[in-house]
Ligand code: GLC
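So this first bit is one chain, no partners, the form predicted alone, shown in structure tokens.
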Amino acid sequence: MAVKQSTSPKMRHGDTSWFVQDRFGMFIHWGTYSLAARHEWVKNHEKLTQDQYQKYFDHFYPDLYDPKEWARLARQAGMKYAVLTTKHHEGFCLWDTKYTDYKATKTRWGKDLLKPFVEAFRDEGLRVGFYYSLLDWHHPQYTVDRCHPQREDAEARKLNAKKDMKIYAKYMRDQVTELLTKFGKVDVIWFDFSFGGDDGKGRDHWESQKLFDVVRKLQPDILIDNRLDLPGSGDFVTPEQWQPAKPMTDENGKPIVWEACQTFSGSWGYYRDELNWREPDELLRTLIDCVSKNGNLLLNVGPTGRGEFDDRAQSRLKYIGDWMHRHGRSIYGCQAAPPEFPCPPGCNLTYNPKEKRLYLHVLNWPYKHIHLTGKAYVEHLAYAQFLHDASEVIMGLDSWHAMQQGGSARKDSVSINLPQMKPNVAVPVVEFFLK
């Protein structure tokens, strides 16, 4: 979904300066579906009625919930912000909202889950964002549509005539007002999602302009995603479960702010029996890929019904964190390299314009040399070192090409001499200091 930038005062944008600096955040999908443990859309996929789904509400008791541990794991992974599902499509709310009883404080647990989350993550130095679903399969005024669990139930469809989506839209504004007035400064609000076409829902159903205006009035600098179906309203674009092939631009070719949201596996909520988890190395390369194309990565965790990150999630977070401990400065504050620095095969480039440093992420370890072709390399590279240990990497005019061609060294190419043994890090990074 492309963001159409607007100069209209109704579409004033938030402050993305911190967002493009931090680059790496944690998405957290948590709700009563975590007890079903077979996808956050289980109510939809299995076409469950509210009565059939009620057992997960009745047995929700996250006695191992420790938001301080969540925050510690996020920080140690190198993440700088987190976005939590305050309400997902099932309609269950993690905070003590006054507008519904379908909330954590009415379960056997009986406590607000959002407030301690906010406090813990802020104490750990992380920014806080709230996900809020535009869909709600529990609200009595929400009409059955093609994404609804009862979409094939003719009797449920007949009840649409007695429902009023304007009442539901007001409900959303009231809840968002709570979220943006009771928890201090909120850095991101992540609305999800609009779906057009026949039997869909979009800006008219959500009354998106009114909702946008409430958000901007209450938190002027907050970042809003692009899923309200309201052209010009999004501060950032949200590719989901795919990676852009190049830096994203608007229809005029102007760079736009974007954030890829990705999962460890194929689902967002806790899925006990899911086996197609992505390898840690692939997840790390996804982060590098995002930054090399001017993007952020919002990497999702689905806590268990008892409130823990399972061992698969924890091991992957630790893997990324171990690498970020020594290589974070190739990510934070970085962006795509200037076009005059073409990326050699088997690598990704990131660039810090403030520090004037170029970072070569070596994804495929070569036998000995990497050749950097282009006059910009010759003219601007001053010094090279491995980032993980600050050991020098020898570089010079491309004498390898000279030897092959029986002539003098090329003047438009630089070669770097690497050890034959790959350093003991997941992805080695060469840091170039520019003149």
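Each residue number is its position in the shown sequence, starting from 1. Quick caveat, the model's predicted, so the values are computed rather than measured.
Form predicted together with alpha-D-glucopyranose: not shown, discussed below.
**Student:** State yes only if every one of 278, 319 and 427 has a non-hydrogen atom within 4.5 Å of alpha-D-glucopyranose in the predicted bound form; otherwise state no.
**Tutor:** No: no residue has a heavy atom within 4.5 Å of the partner.
**Student:** With the partner left out here, check for me: in the predicted bound form, does some heavy atom of residue 53 sit within 4.5 Å of alpha-D-glucopyranose?
**Tutor:** No, residue 53 stays farther than 4.5 Å from alpha-D-glucopyranose in the predicted bound form.
**Student:** Is residue 261 near alpha-D-glucopyranose? Define near as a heavy atom within 4.5 Å, in the predicted bound form.
**Tutor:** The answer is yes: residue 261 has a heavy atom within 4.5 Å of alpha-D-glucopyranose.
**Student:** May I ask you to check whether residue 323 falls inside a 4.5 Å heavy atom distance of alpha-D-glucopyranose in the predicted bound form?
**Tutor:** Looking in the predicted bound form, residue contacts with alpha-D-glucopyranose do not include residue 323, since no heavy atom lies within 4.5 Å.
**Student:** Even though the partner isn't displayed, in the predicted bound form is residue 227 close enough to alpha-D-glucopyranose, meaning a heavy atom within 4.5 Å?
**Tutor:** Within the cut-off, so yes.
**Student:** Tell me, which of 212, 171, 351, 193 has a heavy atom within 4.5 angstroms of alpha-D-glucopyranose in the predicted bound form?
**Tutor:** So the residue touching alpha-D-glucopyranose in the predicted bound form, by this definition, is 193.
**Student:** Quick check on this chain: which one of 121, 92, 268, 130 has a heavy atom within 4.5 Å of alpha-D-glucopyranose in the predicted bound form?
**Tutor:** Of the candidates 121, 92, 268, 130, 268 is the one lying within 4.5 Å of alpha-D-glucopyranose in the predicted bound form.
**Student:** In the predicted bound form, which of 97-105, 301-309, 270-278, 184-192 comes within 4.5 Å of alpha-D-glucopyranose (heavy atoms)?
**Tutor:** Of the stretches listed, the one contacting the partner is 184-192.
**Student:** Enumerate the residues of 29-44 that have a non-hydrogen atom within 4.5 Å of alpha-D-glucopyranose in the predicted bound form, in sequence order, or give none.
**Tutor:** Heavy-atom contacts to alpha-D-glucopyranose in the predicted bound form: 29, 40, 41.
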